[in-house]
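Before any questions on how it binds or moves, here is one chain, the form predicted on its own, in structure tokens.
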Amino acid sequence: MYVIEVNNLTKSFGSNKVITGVSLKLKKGTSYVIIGGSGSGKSVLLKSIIGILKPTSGSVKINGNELTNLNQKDRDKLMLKCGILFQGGALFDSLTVADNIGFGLVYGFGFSKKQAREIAIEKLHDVNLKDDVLEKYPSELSGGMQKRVALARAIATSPDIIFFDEPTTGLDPITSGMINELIVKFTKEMGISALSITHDINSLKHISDRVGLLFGGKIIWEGDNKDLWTTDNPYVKQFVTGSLVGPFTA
């Protein structure tokens, strides 16, 4: 039932305790969004769940498999069924769009470059891009196109889960809306489960099924999307309204 289960996760850097005990669960085919102010530890939390950072303590299970005690080889194998859209896209500058999208297929799954290219074309269409960008390099694309190529790469391996790190950061409202619609498409139509972090209220409104507010290293409020706009929780109210008065600025 749950594709991700996080229990009492902590992450410290020396004496700096960034994540102090986070627990959350992601249901299959749903979208869970973690929100919080700048510097609240959202990226550290996401990287700790993915395994890019090793948690100080706690448990992370992906599809029922404990991630925190796996060696690198077994962790990489488990993560093959996960896609990641990094905040900046993280495309390889020296590779074409086709090779960027097919990278995981070739080096993770052993596909031939011809097979990977065919899938790259299909995934480009899924993110509303045309074949004429296949041989272009990231530097030749706009920021919005780079983000969509990165999204095509994230779904190229037909993942069960996609992790989104601030998916609309740096994009104009129209392109942000396009990315949001694509995320909804992948979760609702393709049944992909999504775990995202964002501070973009418009994105939050459109892509989330369930929401957790991170503050002080913990999830201090959790609820469904509809509850986000009606709750009396002062932290949530200040965050979604952008008010200058409230516990964030007290």
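One rule holds for the numbers: they count along the sequence shown, beginning at 1. This is a predicted model, so every value here is computed, not measured.
Missing here is the form predicted in complex with a small molecule; even so, the following discussion is about that form.
If the criterion is a non-hydrogen atom within 4.5 angstroms, does every one of 16, 166 and 199 touch the small molecule in the model of the complex? Every residue of the candidate spot has a heavy atom within 4.5 Å of the small molecule in the model of the complex.
So the small molecule isn't shown here. In the model of the complex, which residue out of 157, 96, 87, 176 has a non-hydrogen atom within 4.5 Å of it? None of the others qualify; the residue that does is 87.
Would you mind picking the one in 223, 29, 216, 37 that has a heavy atom within 4.5 Å of the small molecule in the model of the complex? In short, 37.
Among 200-208, 37-45, 178-186, 55-63, which stretch has residues whose heavy atoms lie within 4.5 Å of the small molecule in the model of the complex? So the stretch in question is 37-45.
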